[in-house]
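In the block that follows, a single chain appears as structure tokens, in the form predicted alone.
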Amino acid sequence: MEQLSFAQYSLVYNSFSFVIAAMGAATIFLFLNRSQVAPPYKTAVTISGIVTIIALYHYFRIFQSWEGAYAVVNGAVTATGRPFNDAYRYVDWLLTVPLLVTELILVMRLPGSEGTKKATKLAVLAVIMILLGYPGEIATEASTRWLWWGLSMIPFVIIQYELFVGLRASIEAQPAAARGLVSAGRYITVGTWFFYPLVFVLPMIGLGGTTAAHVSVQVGYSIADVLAKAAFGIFIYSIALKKSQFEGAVAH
């Protein structure tokens, strides 16, 4: 167990607390405002809320594990001997990352079976990506971590390609009022997702030693999750609302 300073312990502690608050607020917002969007987009908003509530639960468990792994006495942080369970994070990703790509496809409302096929393909790739990343995350040797990082980047790159190239024609077919938002959704997905492989490599490049890398990973993943889940969920709601308003205006 890494020996942490009080500042390092508090930084991670407060990061987890912030994520819990962000996920809770996003969940409440999404479910309360679900009624504001047209029926075809309610599923996308519902999935966004499910993503944030799953993340809320797992971050609560991560928070509890962090508190149990360390004790603070007179400003000094000591390990309690209880291991910090970081596996909660990968369980969370295994559930939420496939849903993240699904909600983007659903809010686009692709014609016929195209949406189902595209969402299924991206969800399966997301699951493979997470499963390939976990052995590297728990590995202690840098060479092993690099190996699994490289393998997990294969489905990662394919997903990014599908978002930018595979969905190009579908985005062009979106209503003009929402086309810009839908297109921006791809960039937000790519931008937030790139946090994860970057944070993953911090321990391999020896950033400030083992302890500093451990703290950086926890804070980095926390920031990435807030952006990729809570913030992205609100963005999905914005797209759904814009398209609902446009389609309602056209219908009238």
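Residue indices: 1-based, along the sequence shown. These numbers were taken from a predicted model, which means no experiment stands behind them.
There is another form of the same protein, the form predicted together with a further copy of the same chain; it is not shown, and what comes next is about it.
Although the partner is absent from this view, Ser238 stays clear of a further copy of the same chain in the model of the complex, with no non-hydrogen atom inside 4.5 angstroms. a further copy of the same chain in the model of the complex is not approached by Met153, whose heavy atoms all lie more than 4.5 angstroms from it.
Proximity of Ile20 to a further copy of the same chain in the model of the complex falls within the 4.5 Å heavy atom cutoff.
Using a 4.5 angstroms threshold between heavy atoms, Val201 stays clear of a further copy of the same chain in the model of the complex. For the options Ala177, Val72, Leu147, Val157, the one in contact with a further copy of the same chain in the model of the complex, meaning a heavy atom within 4.5 Å, is Val72. Exactly one of the stretches 139-147, 125-133, 169-177, 72-80 approaches a further copy of the same chain in the model of the complex with heavy atoms within 4.5 Å, and it is 72-80. Scanning 5-39 for heavy atoms within 4.5 Å of a further copy of the same chain in the model of the complex gives Phe6, Tyr13, Asn14, Ser17, Phe18, Ile20, Ala21, Ala22, Ala25, Ile28, Phe29, Leu32, Asn33, Ser35, Gln36 in sequence order.
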